[in-house]
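Just one chain is shown here, as structure tokens, and it is the form predicted alone.
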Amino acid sequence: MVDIWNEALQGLQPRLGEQTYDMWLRPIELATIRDDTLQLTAPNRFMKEWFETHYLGVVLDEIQRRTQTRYSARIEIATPKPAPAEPAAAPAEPKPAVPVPAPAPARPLPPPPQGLSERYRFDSFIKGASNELAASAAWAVAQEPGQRFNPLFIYGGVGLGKTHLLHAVGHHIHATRPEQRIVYLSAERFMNEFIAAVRCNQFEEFRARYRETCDVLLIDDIQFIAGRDRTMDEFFHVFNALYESGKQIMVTADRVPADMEGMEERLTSRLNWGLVADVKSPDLETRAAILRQKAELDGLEISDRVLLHIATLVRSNVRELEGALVRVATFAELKRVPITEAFVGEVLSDLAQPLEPQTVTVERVQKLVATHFSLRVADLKGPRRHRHISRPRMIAMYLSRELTDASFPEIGQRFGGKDHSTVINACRRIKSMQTSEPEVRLAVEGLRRQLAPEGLAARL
């Protein structure tokens, strides 16, 4: 059966691509088979959860196609294998006593990394659909530096959380592996230090800092060195030295490597060696959660309804979102008035970004639901009944019926030619599940607000 497992994975490689296969499928191993259940192992929790969510159903479908048997699966996190015991040595004849040398002094623990902000830790990072991959990958790097996702490249616009994740990784590694030497800096500072080292004839010290005594290199805004030939050349050698030594490299940028004008091709290639993950503008629920956290940290008493109103008006990035809350709170304190939706609208009138009215269609519902659950629209229309697909499909059917004029038979046709009774049953189940399962209710409410924000106030 191990051969069937490996053959199924290899059969999916052309469809998923070599990089996806190596990153997400190859590390999952088959341990045993009990009845019709596959006992699998994953190297860490992040790999386990990502494989379960995105690829387990695909693999089980492929095995069923090959064996005509439907298997379920259980995944456990692999435990490290103990080092083999050394064989017992034969008794040796007594030797004359020799002086025992004093133990070498332990290497002093490095101080906390310079430049890391105490504000930016994992417990203060709000995770949502817009940053899920980047946040999960950063957490995996923090837990196992140098073992996976090396380098980790995170890109996105201003104020979306790239620097927060960079600092969070540095803090976590220092807390759990204090012996690791962590270097954090911006690409601009890297360039300035390199120039100063050349001018002052201190290049050996510079080389030792970045190539020899560095275990984790965290660099922000790497796009800054594009076009700086000597700086790019030095970073290339630093990258090679650390990578070949198994040291962790994590960088951020405002765009993907291929879009950095002036960046050398050899550097672009290396930045693509590991995982490239993006962070997008946060959705409404994530923005509201960010505001709630900010309000609690600042000791502001403000209702969830008002926070949601601010999140609806300001949709650009986290910095502007938090700045809007500070602005509202400051004006309210100066005028000594309560913070209401009307007051927020008055204070933020120049920041409010008008919503462009969009007609809600079945296609738009399908696209949004697929994006929210990290699926393809084709998955929602297909026949697979695995839970991680069937539940989003039912939610999409429910919202299509609620927010569009499409009939049950028409919705069924839009979802791959399914019978109208299937749509009716999906709508009933999602309506019932919203009462008993809070996560379903929150998902439906969040998707509904994104599809029909103009009707938001009436539904709250």
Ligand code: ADP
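Predicted, not measured: the structure shown is a model, and the values here were computed from it. Start at 1 with the first residue shown and count on from there.
The next section is about a form of this same protein that is not shown, the form predicted together with the ligand.
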Of G146, G115, G157, G227, which one comes within 4.5 Å of the ligand in the model of the complex, counting heavy atoms only?
G157
Answer option from H171, K247, H164, H372, heavy atom within 4.5 Å of the ligand in the model of the complex
H164
Does R319 reach the ligand in the model of the complex if we count a contact as any heavy atom within 4.5 Å?
yes
Contact between T268 and the ligand in the model of the complex at 4.5 Å, heavy atoms?
no
Partner contact for F125 in the model of the complex: the ligand, 4.5 angstroms, heavy atom:
yes
With the partner left out here, check for me: in the model of the complex, does some heavy atom of Y120 sit within 4.5 Å of the ligand?
yes
Counting only heavy atoms and a 4.5 Å cutoff, which of 379 to 387, 331 to 339, 287 to 295, 200 to 208 contacts the ligand in the model of the complex?
287 to 295
